[in-house]
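In the form predicted alone, a lone chain appears below as structure tokens.
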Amino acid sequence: MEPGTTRTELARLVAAARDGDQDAFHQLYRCYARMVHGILLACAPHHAVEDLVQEVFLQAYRQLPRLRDPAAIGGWLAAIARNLSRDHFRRTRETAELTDTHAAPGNPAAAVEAAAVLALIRSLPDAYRETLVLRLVEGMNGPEIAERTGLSPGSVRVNLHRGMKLLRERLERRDPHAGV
């Protein structure tokens, strides 16, 4: 949620969006798009993430009348994202991503390194993978992750701590001189 958005305001936005208020749905999108993007980036191919984000919100818009608890919208959107990601893998054959699609102009080595680190993050268990991508890629802090995903702040702290520990171990195994 945006800073300062209360549960009452969130409930109002969900109710308004259910009633067809496009602006209210757009505000919900702005509140949760980074979270959905991070969850998808943690497990879906990079080239498919943007389309999947749009598909998550399209499904959410269609299914919004089924959401029983407006305060649970973050966890509900996260579940839709995870399910769409799994469906995407069932529909598509495995392909190898080309690292040059991630390349920043003028610094292909950094892009290759970022792709390698993202691949390591994707090899971690789901709970660690998602929270690390939300933190490291999407720039969300622990309380934001908890608020948007519906996880408890304690779970987020533990997942981030354990995930970073595993990531460091894997980076050190890959490159003993890695400074992360």
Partner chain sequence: MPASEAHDYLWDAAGQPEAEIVRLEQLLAHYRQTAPPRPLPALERAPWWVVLYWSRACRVAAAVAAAAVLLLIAPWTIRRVAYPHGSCDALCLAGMPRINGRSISNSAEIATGGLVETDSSSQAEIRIGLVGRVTVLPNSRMRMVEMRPGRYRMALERGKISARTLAPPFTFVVDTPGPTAYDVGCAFTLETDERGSGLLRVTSGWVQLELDDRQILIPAGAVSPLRPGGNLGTPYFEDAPEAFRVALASLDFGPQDAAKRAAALADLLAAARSRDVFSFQEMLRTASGEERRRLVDRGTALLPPPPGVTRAGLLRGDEAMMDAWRSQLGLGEPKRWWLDWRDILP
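Positions refer to the first chain, counted from 1. Because the structure is predicted, anything quoted here is derived from the model rather than measured.
Keep in mind that the form predicted in complex with the partner chain is missing from the display, and what follows is about it.
Practice task
Decide whether Pro125 counts as a contact residue for the partner chain in the model of the complex under a heavy atom distance cut-off of 4.5 Å.
Solution key: Output for Pro125 is no: heavy atoms all beyond 4.5 Å of the partner chain.
Problem - in the model of the complex, Gly150 touching the partner chain (heavy atom, 4.5 Å) - result: The answer is no: Gly150 has no heavy atom within 4.5 Å of the partner chain.
Practice task
Examine Ala42 and determine whether its closest non-hydrogen atom to the partner chain in the model of the complex is within 4.5 angstroms.
Solution key: Outside the cut-off, so no.
Exercise for the section: Check whether Leu13 has any heavy atom within 4.5 Å of a heavy atom of the partner chain in the model of the complex, and answer yes or no. Expected result: The answer is no: Leu13 has no heavy atom within 4.5 Å of the partner chain.
Problem - Non-hydrogen atom within 4.5 Å of the partner chain in the model of the complex for each of Glu9, Ala71 and Leu84 - result: Answer is no for this spot.
Handout entry: Interface residues of 132 to 168 toward the partner chain, as seen in the model of the complex [heavy atoms, 4.5 Å]
Key = Heavy-atom contacts within 4.5 Å come from Arg135, Leu136, Val137, Glu138, Gly139, Asn141, Gly142, Pro143, Pro153, Val156, Arg157, Leu160, His161, Met164, Leu167, Arg168.
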